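This document starts with one chain, in the form predicted alone, laid out as structure tokens.
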């Protein structure tokens, strides 16, 4: 069923939901942007509908709700340890179709990429329900249509924002009683049908082609541009790498905590081993790894969709204006040339 709900009434419903749910949505942080006097849009707890930034792409993804930037996994003393705990509330996230697809990619990485599901991801992920924010046009760096992430039916509720009201499509029976007295509507969420950018996935057919792809000169062209800052990883909904570190409390050197912290495959020390050896020593080699992971390796592993969902946040965030979508299209052109030579 679909309903029309005023902001005032929706705020009452949000207040009611907060007894059982933590509610997350994109929120504006004034003067916290990457440039002077600019804002940042990032996911945070909300208490009213007016806090939700629905008409801009968020600078960061909702990933950190289920996979925090820094997460305590256990506490220890010299003789024992104790697992960290999480809150006992469920989680409701306002997000777009591409990000719902992105979290599904994380599900594969954390829950189905081996014999044992990641306990720390699973205990948060099991709490989550989605509120789809309608995304009709997208933005100039989006290419979700090319990646098949522009549409989804995987949500508990969907919303369309108006000046002082919402239209809400309710699919989850848990939430249906909340809207029983509201005016019904015929709202069905619309989805992006065409982006300004179209991306062609490289047709890498065999291991010989893959070996040639590794040695393409195009990767070297990024050595002078990429700063290996990892900004693209930080905003990506599907990046899942992390490292662990022990923090010993200065007040008592025999106590501390083990944390896991996001890591970036673009950082120079990401592949560092004992003795100082590194597998990928140049920015171009590291970008090659990231690109192929997003549009080749993941699909080879899970036999489903590509890893990248086409949100375009990496393009938006790169300080050197390196376009990931342009990189993939360049790669596709090179692979087509290789395939053409082999077919003769």
Partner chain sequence: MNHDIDIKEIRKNCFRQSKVKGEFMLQMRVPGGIVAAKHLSMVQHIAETWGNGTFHIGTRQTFSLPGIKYESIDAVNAYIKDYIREIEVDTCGVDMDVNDAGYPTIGARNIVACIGNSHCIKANIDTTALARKLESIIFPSHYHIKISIAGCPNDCAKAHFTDFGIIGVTKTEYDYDRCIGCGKCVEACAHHATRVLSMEQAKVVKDECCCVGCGECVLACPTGAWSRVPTKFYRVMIGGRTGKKSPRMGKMFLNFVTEDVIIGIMKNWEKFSAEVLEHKPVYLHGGHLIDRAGYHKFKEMILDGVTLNPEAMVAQRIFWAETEYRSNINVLPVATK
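Residue numbers count along the first chain shown, from 1. It should be emphasised that the depicted structure is a prediction, and the values quoted were computed from it without experimental measurement.
A second form of this protein, the form predicted together with the partner chain, is not displayed here; the remarks below concern that form.
- This chain appears without its partner; in the predicted bound form, the one residue of 190, 176, 268, 107 with a heavy atom within 4.5 Å of the partner chain is 268.
- For the marked spot (64, 231 and 248), a heavy atom within 4.5 Å of the partner chain in the predicted bound form is present in each of the three residues.
- Judged by heavy atoms within 4.5 Å of the partner chain in the predicted bound form, the contact stretch among the candidates 138-146, 259-267, 166-174, 182-190 is 259-267.
- Under a 4.5 angstroms non-hydrogen atom cutoff, the partner chain in the predicted bound form has residue 227 among its neighbouring residues.
- At a distance threshold of 4.5 angstroms between non-hydrogen atoms, residue 302 is out of contact with the partner chain in the predicted bound form.
- Although the partner is absent here, residue 48 lies well away from the partner chain in the predicted bound form, with no heavy atom inside 4.5 Å.
- In the predicted bound form, at least one heavy atom of residue 70 sits within 4.5 Å of the partner chain.
- Residues 30, 31, 32, 33 of 17-33 are found to place at least one heavy atom within 4.5 Å of the partner chain in the predicted bound form.
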